[in-house]
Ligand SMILES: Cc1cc2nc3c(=O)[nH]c(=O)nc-3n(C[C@H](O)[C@H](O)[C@H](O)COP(=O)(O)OP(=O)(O)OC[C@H]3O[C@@H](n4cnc5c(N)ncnc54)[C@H](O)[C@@H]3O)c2cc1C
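Shown below, as structure tokens, is a lone chain in the form predicted on its own; questions about how it binds or moves come after it.
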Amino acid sequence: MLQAGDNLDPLLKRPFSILDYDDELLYFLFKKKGKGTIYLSRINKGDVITLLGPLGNGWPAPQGEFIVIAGGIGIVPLMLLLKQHRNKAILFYGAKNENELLMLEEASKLVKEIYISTDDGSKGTRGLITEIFNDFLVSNSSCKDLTIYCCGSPPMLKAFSKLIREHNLSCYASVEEYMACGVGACLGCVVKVINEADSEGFHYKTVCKDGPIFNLKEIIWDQVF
């Protein structure tokens, strides 16, 4: 959780994934969407940033080859996974247009294969990345045994969860939600997940503490968005 400066406007920190790190530095990549990210984009060397973290869980380690699916800036929390397991992943990367395919050159050097799509056809195949992946599965049935790691917008993950269930695939997803405290105390970022042990068949988990990585099959999407 990051916040620029020491003022109270905006009051809350903003949640980010770590893009990369070395012995002395943490690297973040974010999109300017509101007041908090605009303030962060204006900081200069020597300015103060308040940081709370690391928070939440991480990706389960892949065993052998694996599949990565990213939508737009959703590539960010997947870059370290690709870096730590070089040339083991088949990457499916989609965005609205070519300009929103971030870190494309860097990611392409870390993977075994890469499939690209854009909504407007400005780069790669024209269409949704979920459609491209579905076509891939039809002609590569052996890949159904590979674990999938994905991150993207809530509508993308919701659509992708349906495909996962149809093909009975193993998939972990980094879930986006608005966050306040970052430690699970305020319960402002809960998602509804399947829990067969509960009499109602579900319970709630916090994205900031229990997540942000979830088994995609566990999430009850029609109650979240």
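Computed from a predicted structure; not experimentally measured. Residue numbers here begin at 1 and follow the sequence given.
What comes next is about the form predicted in complex with the ligand, which is not displayed.
Option touching the ligand, based on a heavy atom within 4.5 Å in the predicted complex, out of 163, 26, 29, 52: After the contact test, the surviving option is 29.
Interface residue in the predicted complex among 110, 76, 148, 90, criterion: non-hydrogen atom within 4.5 angstroms of the ligand: Contact with the ligand in the predicted complex is made by 76 alone.
Output flag, 71, 144 and 171 jointly within 4.5 Å of the ligand in the predicted complex, heavy atom basis: Spot residues vs the ligand: no contact at all.
Heavy atom contact within 4.5 Å of the ligand in the predicted complex, the stretch among 171 to 179, 59 to 67, 44 to 52, 191 to 199: Checking each option against the 4.5 Å cut-off leaves 171 to 179.
Contact flag, residue 204 vs the ligand in the predicted complex, heavy atom cut 4.5 Å: Residue 204: no contact with the ligand in the predicted complex.
Stretch 97 to 122 - residues with a heavy atom within 4.5 Å of the ligand in the predicted complex: Heavy-atom contacts within 4.5 Å come from no residue here.
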